[in-house]
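First, one chain by itself in structure tokens, the form predicted on its own.
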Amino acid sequence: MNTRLLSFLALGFSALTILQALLGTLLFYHTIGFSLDAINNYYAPKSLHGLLEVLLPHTLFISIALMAITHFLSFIQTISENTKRIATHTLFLLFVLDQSSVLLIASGFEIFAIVKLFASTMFQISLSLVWIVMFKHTLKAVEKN
């Protein structure tokens, strides 16, 4: 695969990731809110069945998206393998914490609203940092060609 096509794919996927992050943040803000009480009030009355219906497609899509993002990240030669590994593990860990915390909130463990808020926020920030690195690398690769 040539560098120009790979750069275009990375740039396109980065744009979709940015859009997803913005829309996800707006949806979270308008649907739930960013306070611990709002998070608890939203998730506490939810049934396990209802939460699983939402978590299943989220888990599938976001896992695939993270695999694609980290795959593109692996092509960047100016970043150490250790940094790539840390970024990959961080993204997946934050995603698991974000998604699993809602089950714990609905089970009566309201303290996990802090985990939900932290994990959700840090996931979006980490994802944004990864796409910024990818976008920067894509621009450098395009400039070389």
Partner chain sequence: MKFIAGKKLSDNKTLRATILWMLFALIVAMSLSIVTKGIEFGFAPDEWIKRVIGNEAEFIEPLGFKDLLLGVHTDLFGLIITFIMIASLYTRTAHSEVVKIGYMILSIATLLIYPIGLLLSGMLGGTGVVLSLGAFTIFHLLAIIASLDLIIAIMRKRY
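Numbering follows the first chain given and starts at 1. If you're wondering where the values come from, they're calculated on a predicted model, not measured in any experiment.
Only in words, not in the display: the form predicted in complex with its partner chain, which the text now covers.
Among V96, M67, L52, I111, the residue placing a heavy atom within 4.5 Å of its partner chain in the model of the complex is M67. Contact between I132 and its partner chain in the model of the complex is not found at the 4.5 Å heavy atom cutoff. In the model of the complex, no heavy atom of K140 sits within 4.5 Å of its partner chain.
Interface membership of L48, defined by any non-hydrogen atom within 4.5 Å of its partner chain in the model of the complex, is ruled out. For the chain shown alone, I125 is not a contact residue for its partner chain in the model of the complex, no non-hydrogen atom being within 4.5 angstroms. Proximity to its partner chain in the model of the complex, taken as heavy atoms within 4.5 Å, picks out 30-38 from the listed stretches 111-119, 30-38, 96-104, 76-84.
Counting a residue when any of its non-hydrogen atoms is within 4.5 Å of its partner chain in the model of the complex, the hits in 46-72 run H58, L60, F61, I64, M67, A68, H71, F72.
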